[in-house]
Every structure is written in C-alpha cells, then in structure tokens.
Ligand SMILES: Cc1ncc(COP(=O)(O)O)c(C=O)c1O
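As structure tokens, one chain now follows by itself in the form predicted alone.
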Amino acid sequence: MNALAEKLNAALGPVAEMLSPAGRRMYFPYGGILGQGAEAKSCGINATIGMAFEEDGSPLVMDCFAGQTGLGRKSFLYAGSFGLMPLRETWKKMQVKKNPSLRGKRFSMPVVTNALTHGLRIAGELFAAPGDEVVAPDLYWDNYSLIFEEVCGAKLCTFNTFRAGAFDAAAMKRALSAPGGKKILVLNFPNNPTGYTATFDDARKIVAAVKSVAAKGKKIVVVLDDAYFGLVYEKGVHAESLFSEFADLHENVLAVKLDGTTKEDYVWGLRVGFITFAWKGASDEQLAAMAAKAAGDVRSGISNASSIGQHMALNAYNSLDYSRQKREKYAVLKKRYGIIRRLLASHREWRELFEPMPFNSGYFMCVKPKRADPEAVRRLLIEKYSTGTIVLSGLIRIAFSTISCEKLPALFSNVADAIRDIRYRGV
C-alpha cells in the first residue's frame, strides 16, 4: 500500500475500517506532480504545469472558445481534483443555510464531483467492496444497481419502501440488522422514482432505527442522495437533508452527502456536484483525510471536474438575483404538483384503475396499475396515446417536471384509458 494511503488511514483511525479495500488504498498524490506543482506555485519561473500560456502569462486559449463564455480565460484552467476552493467554501456555507440543523456541527469541506452520479460512484468505490451489502428502498433509481453491484461488486439488498402511506422505517431497520458486517444505507429524498420525501415522523423513525442498529455494534455508512433537495411541496415534510442528523449521530455511523447544481439549480448539463463527509467525533484532520481520499478518486477517474461549470456555478451563487430566480423556477414545479393533486382528487373513477404512490416533492410521482401489467400499459401509452412514461419496480413513473400545466389532464386521462383498454377491451 502506498505510504500516502497508509498515512490517511492512520489519520482516520477506526473509521478506516468502514472503507472498502480500494478505499483504504486510495490517496491523493500530494508528493507527485500535483504536490510538486503546488510547492512551485509562487516561483517566478514555474515549469511544472501541464497547461499552456501566452507570452504575457495569460492562458493560451483560442478566441472561438473564450468568446462563448463571458467568464474570462482563467475559467479554462484546471480546477484541481478537490475543485475550486471559493466554490467549495460557498457550497459549504449554502449547505448550512439550507440545513440550519448543521450549524455548529463538524463536517468536511465538500469535494467537487462531476455531478451526483459521479459522487455515487466515488462513494461506492470508497466504501462498497465485493460482498458488502448496500441497503436501499425497493423503489430506487436503477443506476444504483449499475454502480454498487456491477461496478463495485456489492450486493443491493432492498426493503419495502412504504407501509400505510409512510416510509417503512421498520423494514429498513430489519435490513440493516441482518447478519453480516458493515452495511451501506442509501437514502434518496426526494425519492426517484416516487417523488416522496420523509415526513417529520418518518425522519424521526429513520434516524432512531439507524442509531439503534449502530448502538449494537453495526457499522453503517449512510449515503444521502440529495439530488432533488429543496423541492418539497407540502407542510409536515422534513425539508432538511438527513445528513444533519447523521453527521453526529453515533461513532459507528459515517454520513456521506451527495448533492449538486443539477436538479437543485435546474442546470442538468452543467455537471457540478459535491461529496461531503461527517461522523461523530471526527477531527478536522480526519475530515480532511476523507476528503483527500475522495479527491484521489476524482484524480484517478476524471482528473478534475469542469472548471467552466464551477466558475458558472460560483458566479450564479454570487448573483444578487439568484434567490429570486430560484424561487420562480420552484414555483413552476409546485404549480404542476398542485394541479396533479386536484386531478387525482376530482377523478374518483381513476381509483379503480390505478393507485398513486405517496408523493410530496421532487420531479416525479408514480402510479400502480390495478390488474394491468405496467409494461403493457407503458407500451400502449406510446403506441395509442403518444404518451411516454417509465416503468420501474412495477410502477409507472410520471415526470411531471417536463409536462406543461395544460397537458397534465390529458396525461393522466391517457394513463387511465390505457389501463382501461388493457383490462376491459383486451388491447
């Protein structure tokens, strides 16, 4: 094992036991090209950098590229594997502002990822080894299987998502309590595909269940997939990330927060995300060590995330108009959510055809067809009704985030008609 990895593991202490073998081997190459370049940063003559500069020392960038951004030529320079420090500092402050319960708690400086999927991959590589069990609700984003099972070799173990219209925390606790070693729990609120966020009661039960299992000696890595954070449309919903609770819950619980600009700020192609760590009793040195492992993973995979994307994000967050514009975009989605609620309430006849799954947030909602195969319904919707939906885990997922208000009634009528066709007309 590389001496730098050994040094990071020593700094982490018992927490290093939660890492996968690959995670324990991971390190940031402080003494390599990057470290040597950092040492020479203040030199009058610096021949360490793998970039190119004009005779006057400005970045050697073609105008046909530079003229498109309005960001200046420095935005074309490498951002570094940890990401731009001003952006990381800004995002950390924003995390506390959006999650007031984090105030006063210790957590790492975020490391910039190539959006949230890349963060999931890093979390998988750092913590999930072949044979490890990744625990997730049975209604989950299908990319979890690709990342944790196919790439990392772990086993995805699912539990029942809903019971009596609420999150089934008891089923989650049973899955975490199953025999075996460390468990990796993945929680995604607002949930994809269902568009459900834990209520205050759900959150209390979820946190209590994890703490109870951890108190019995089980080590648990809790991965918070906060891709749709902030898009909550109902009262009584736990609007903060559960990272706030898990950050200092128990010595056997390590929390990993994955978030970013993609869904929160409606910039899907920007690909700027963050990975942040916390656990009870963590020192600044330990948190920096875990961040270094994440940055080492970034370095080994993509070198660094887009500098242009990071500069754009930072400029947006510094804009005096950022908050107002974000409220306006949120209102667009909340209005569609309200229309769907009214449609479901007014069309009682649909209750014989499908059951809406609990939803209160995010981009999606799901319906469960009654006595009709979901895949058959999906295909008929395309062929007869020119309506596209997604089938996941036996449900029909509807992305109302993409549908204008005027088309929502037709969308749900089409779903009902397609189910009716299959059930009663033999289509």
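For every residue, the number given is its place in the sequence shown, counted from 1. Here the structure is a predicted model, which is why all the values come from computation and not from measurement.
As for the form predicted together with this ligand, it is not shown, yet the points below apply to it.
Heavy atoms within 4.5 Å of this ligand in the predicted complex are found in one stretch of 175-183, 257-265, 104-112, 130-138, which is 257-265.
Mapping the unseen interface onto this chain, Tyr228 counts among the residues with a heavy atom inside 4.5 Å of this ligand in the predicted complex.
By the criterion of a heavy atom within 4.5 Å, Tyr144 is counted among the residues contacting this ligand in the predicted complex. In the predicted complex, at least one heavy atom of Leu120 sits within 4.5 Å of this ligand.
Contact between Asn188 and this ligand in the predicted complex is found at the 4.5 Å heavy atom cutoff. Proximity of Arg341, Thr389 and Leu411 to this ligand in the predicted complex is absent: no residue of the three has a non-hydrogen atom within 4.5 angstroms. Interface residue among Thr197, Thr276, Asn192, Ser241, judged by heavy atoms within 4.5 Å of this ligand in the predicted complex: Asn192. When you look in the predicted complex, the only residue of Leu116, Leu126, Val210, Val223 with a non-hydrogen atom within 4.5 Å of this ligand is Leu116.
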